[in-house]
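Take a look at this single chain, the form predicted alone, given in C-alpha cells.
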Amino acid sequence: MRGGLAARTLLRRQPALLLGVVLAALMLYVAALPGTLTVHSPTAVDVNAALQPPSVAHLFGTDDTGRDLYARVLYGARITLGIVAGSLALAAVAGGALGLLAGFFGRVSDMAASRLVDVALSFPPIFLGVVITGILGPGVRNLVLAMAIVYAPVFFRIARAGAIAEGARTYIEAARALGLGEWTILRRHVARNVWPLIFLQYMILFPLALQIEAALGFLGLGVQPPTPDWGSILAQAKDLLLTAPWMSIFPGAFILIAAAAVILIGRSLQPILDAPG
C-alpha cells in the first residue's frame, strides 16, 4: 500500500518520469500484443499493393513487396525490443556477477579480468558488434549473444567499482567482526547496494543498444527476412528514401520513441538510485 502511494507521488512530482512510463507501457503493449492492433500479417506479400502511401487500408503504407508496414513495425517491436532487453539482461547478469567477484575478492584474477575488459572497451561497440556477428553469423540468437558480449564489460566495470567502494565501508568490517562469511557479506550487503548501479547502467545503455541492434539489422547482420525487425525494415528502405519515405519514417519514429521512454525513466530515477543508503 505504502509502496503504491510512494510510486504515485513520485510520478506526480516528476512529469518526465510519468511520460517515460506511459511511452514505455505503450511500447510494451505493442511488443506483447501486436495482433490486437492490426488485422494484417507482417509477412503477407501482395505485389499489387507495393509501395502504397499511408492510407486507411494501410496506416503506414506498404513496402516494395506489398507487405503492410504498420503490421511489420508493430510485430518488429517484439523482435527488436526483445533482442535489446534480453542481450542487456544477459550482459548485466554475467558482467555484473564477474565484476562483483573481482571487485570484492580482488587478487590476480581481478587484474587479469580488468585488463581484458579495458581492451574490450577500447573498441567502439558497433565495431565489436560487427566483428562478433560476422563470426557467429546472423540470426536472433547470435545477435543476442553478440550484443551481450559487447556490453558485458561495461557492467563488469560498474559492478567492480561499486564492489570496491562498498568493500571499503565500515559496515563491511563490522559484518566480518560479527562472524559473517565473505560470501554472505557479498550476497547480503555488497550485491544489494551495487544492484541499483547495475540497473541504472542498464537504463543508460538501453537506447545505445537499441541503436546498435538497428545498425546491425541495417547492415544485414541481425534478424533475417522475412522476420520483421526495425533495423531490417530500415535497411529495406534505404534505396527508397525519395520514392517511399514512409518506409523509413515510421520504424525510425518507433526507435526514437522507445529510446526516449527509457531515457526519461533513467534520468528521472538516477537521483534516487544514486542517493546514499
Partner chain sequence: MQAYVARRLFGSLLTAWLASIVVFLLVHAVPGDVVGQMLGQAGDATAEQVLRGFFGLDRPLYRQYLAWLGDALTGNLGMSWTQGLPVTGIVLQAFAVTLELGLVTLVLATLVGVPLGMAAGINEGRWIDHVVQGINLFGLSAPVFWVGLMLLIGASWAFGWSPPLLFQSPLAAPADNLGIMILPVLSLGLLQACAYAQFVRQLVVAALREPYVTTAEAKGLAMRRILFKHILRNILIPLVTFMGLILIQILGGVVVTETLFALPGLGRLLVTAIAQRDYPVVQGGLLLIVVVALGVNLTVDLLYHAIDPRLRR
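A quick note: this is a predicted structure, and the numbers were derived from the prediction, not measured. Residue numbers count along the first chain shown, from 1.
There is another form of this protein, the form predicted together with its partner chain, and it is not shown here; the text below is about that form.
*Asks:* So, residue 178 and its partner chain: in the predicted complex, are they within 4.5 Å at any heavy atom pair?
*Replies:* Taking the distances in the predicted complex, the answer for residue 178 is no, it never comes within 4.5 Å of its partner chain.
*Asks:* Given that the partner is absent here, does residue 168 sit within 4.5 Å of its partner chain in the predicted complex, heavy atoms only?
*Replies:* Outside the cut-off, so no.
*Asks:* Is residue 26 close enough to touch its partner chain in the predicted complex, meaning at least one heavy atom pair within 4.5 Å?
*Replies:* Residue 26: no, not in contact with its partner chain in the predicted complex.
*Asks:* Would you please decide whether residue 89 lies within 4.5 angstroms of its partner chain in the predicted complex, comparing each non-hydrogen atom pair?
*Replies:* No.
*Asks:* For the chain shown here without its partner, which stretch in 120-128, 68-76, 92-100, 188-196 has non-hydrogen atoms within 4.5 angstroms of its partner chain in the predicted complex?
*Replies:* Looking at the partner contacts, the answer comes out as 120-128.
*Asks:* All three of 132, 248 and 256 touching its partner chain in the predicted complex at 4.5 Å, heavy atom to heavy atom?
*Replies:* Result yes, every residue of the spot touches its partner chain.
*Asks:* Which residue, 31, 59, 215, 49, is the contact with its partner chain in the predicted complex, using a 4.5 Å heavy atom cutoff?
*Replies:* Among 31, 59, 215, 49, a heavy atom within 4.5 Å of its partner chain in the predicted complex occurs only for 215.
*Asks:* So which bits of 210-238 sit within 4.5 Å of its partner chain in the predicted complex, heavy atoms only?
*Replies:* Contacts from 210-238: 211, 214, 215, 218, 219, 234, 238.
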